[in-house]
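Here we start with a single chain on its own, the form predicted on its own, put down as structure tokens.
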């Protein structure tokens, strides 16, 4: 009995260790020694940034490519090699900004000040403009002899979002500094949009060097499956060789399975981004247990279902009958008025017509209760105001749009527990 228990414990330890290793691998991706298939782009970017770091020459460049094509990985590899240079290691300052986080120039400037460790220097000083503030920060970075300044590399992730800032002040000033001889600055933008230059104002565009490095994902499905196999395999130095061999054998068989191939093909066609692949594999690995100690086709199927689940359809499953009725009323209005916006009063009138026809099966709700249900749909963002509250309009008459597809509502109705037949028939007449 004790032998059996210790064997089970060893099995449990092996499963736990395998999961720990794979989770670390999938969550903390290490940079490769050299980006595969991007030699010319790598050399070009390294040379540009080396000129700034070593020779004090200002530059600006855009790295353009779809998500998952390796923009961040390429930049990471270049920066790693750049920082290994003796001249650059102690001299270069790196400032990383992201368009999703630094949503306006004020936040961006605070972040630049923080990353350059200049909070104490700025203190309570008040600046007339963004340009003055930035000039002061760069001035503060000058060395003791006041003749030379430390090179600064500005990395702007989601570059296209910075173009939506008011007057594009941040981009204008950064690119202006990179054009003038004020301080050695390199501005590196990363974006998915091929038309990013069209978003720039004329004065900003004229200060950009127009250097672009394009990356395109040339990954085939066979290579994609090879990556899946490599990510799920256990290393040769795993403490239990027998468990490791069984695991790796099952991974090989799993990748050859037809249904698994279909799941992977669906994900490959939707996105070649390795981050979404890692999320899929992470969920599959998390489902491995002592009773099923190797990854199975069912694990990948469930992981795929979880990852591709429609969040709005899930929200619909939790709505009340009244809220569902309001959504059906909105769909009727969309059909009647060819997708034109509607307001609460119109929805309420449509709902009242339905109640009058089917008064025996649906409870009659007072108008304030219906209004509360409508506001809940607004909070859930299933309904969206057409204008963002710029003009003062009574709540009942504020124009709205429905943010749901036909299929999402029909699926919710099919799965809804004990949904009245009259409501279903009303919905079918709207969604037919």
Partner chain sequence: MSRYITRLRMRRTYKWNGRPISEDRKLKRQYFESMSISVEGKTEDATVSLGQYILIEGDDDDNPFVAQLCKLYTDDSGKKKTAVVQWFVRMCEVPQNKRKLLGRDPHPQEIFFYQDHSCDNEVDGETILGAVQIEYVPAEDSFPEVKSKDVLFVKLLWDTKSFRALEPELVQPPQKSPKSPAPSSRGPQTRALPTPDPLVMKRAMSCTLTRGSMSTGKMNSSEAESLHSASKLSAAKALSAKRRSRASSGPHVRKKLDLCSPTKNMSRDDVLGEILDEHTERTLTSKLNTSPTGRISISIRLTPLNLNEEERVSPLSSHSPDKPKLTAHHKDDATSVFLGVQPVGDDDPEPLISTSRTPRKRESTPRRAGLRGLKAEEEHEDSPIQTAATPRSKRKSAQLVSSRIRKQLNLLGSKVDLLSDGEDGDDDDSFIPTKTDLQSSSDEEEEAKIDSEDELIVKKHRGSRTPRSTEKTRASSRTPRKTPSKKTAPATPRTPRHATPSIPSRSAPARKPGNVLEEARARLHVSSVPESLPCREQEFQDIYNFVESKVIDGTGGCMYISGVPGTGKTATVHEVIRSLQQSAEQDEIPHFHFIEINGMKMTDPHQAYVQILQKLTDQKATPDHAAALLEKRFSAPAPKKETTVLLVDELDLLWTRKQNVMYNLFDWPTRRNARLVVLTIANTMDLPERIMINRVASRLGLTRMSFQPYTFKQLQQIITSRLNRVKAFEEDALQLVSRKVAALSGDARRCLDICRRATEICEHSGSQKNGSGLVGMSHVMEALDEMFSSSYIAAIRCASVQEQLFLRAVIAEFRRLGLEEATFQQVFVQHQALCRVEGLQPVSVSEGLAVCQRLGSCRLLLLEGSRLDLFLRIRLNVSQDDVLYALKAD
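Since this is a predicted model, take the numbers as computed values, not measurements. Residue numbers count along the first chain shown, from 1.
In what follows, reference is made to the form predicted in complex with its partner chain, a form of this protein that is not presented.
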Discussion item. Each of 76, 257 and 287 within 4.5 Å of its partner chain in the predicted complex, by any heavy atom, yes or no?
Written reply: no
Discussion item. Just to confirm, with a 4.5 Å cut-off on non-hydrogen atoms, which of 115, 292, 345, 206 contacts its partner chain in the predicted complex?
Written reply: 206
Item to complete: Heavy atom within 4.5 Å of its partner chain in the predicted complex: which of 48, 38, 377, 26 fits that? Just give me the one.
Response: 48
Discussion item. Within 4.5 angstroms, counting heavy atoms, which one of the listed stretches 240 to 248, 225 to 233, 270 to 278, 323 to 331 is next to its partner chain in the predicted complex?
Written reply: 270 to 278
Practice prompt. Mark residue 396 yes when one of its heavy atoms lies within 4.5 Å of a heavy atom of its partner chain in the predicted complex, and no otherwise.
Written response: no
Item to complete: Spell out, yes or no, whether the shortest heavy atom distance between residue 151 and its partner chain in the predicted complex is within 4.5 Å.
Response: yes
Discussion item. Does any part of residue 130 reach within 4.5 Å of its partner chain in the predicted complex? Heavy atoms only, please.
Written reply: yes
Worksheet item: Is there a heavy atom of residue 134 lying 4.5 Å or less from a heavy atom of its partner chain in the predicted complex?
Response: yes
Discussion item. With the partner left out here, which residues of 193 to 213 have a non-hydrogen atom within 4.5 Å of its partner chain in the predicted complex?
Written reply: 193, 194, 195, 198, 201, 202, 203, 204, 205, 206, 207, 208, 209, 210, 211
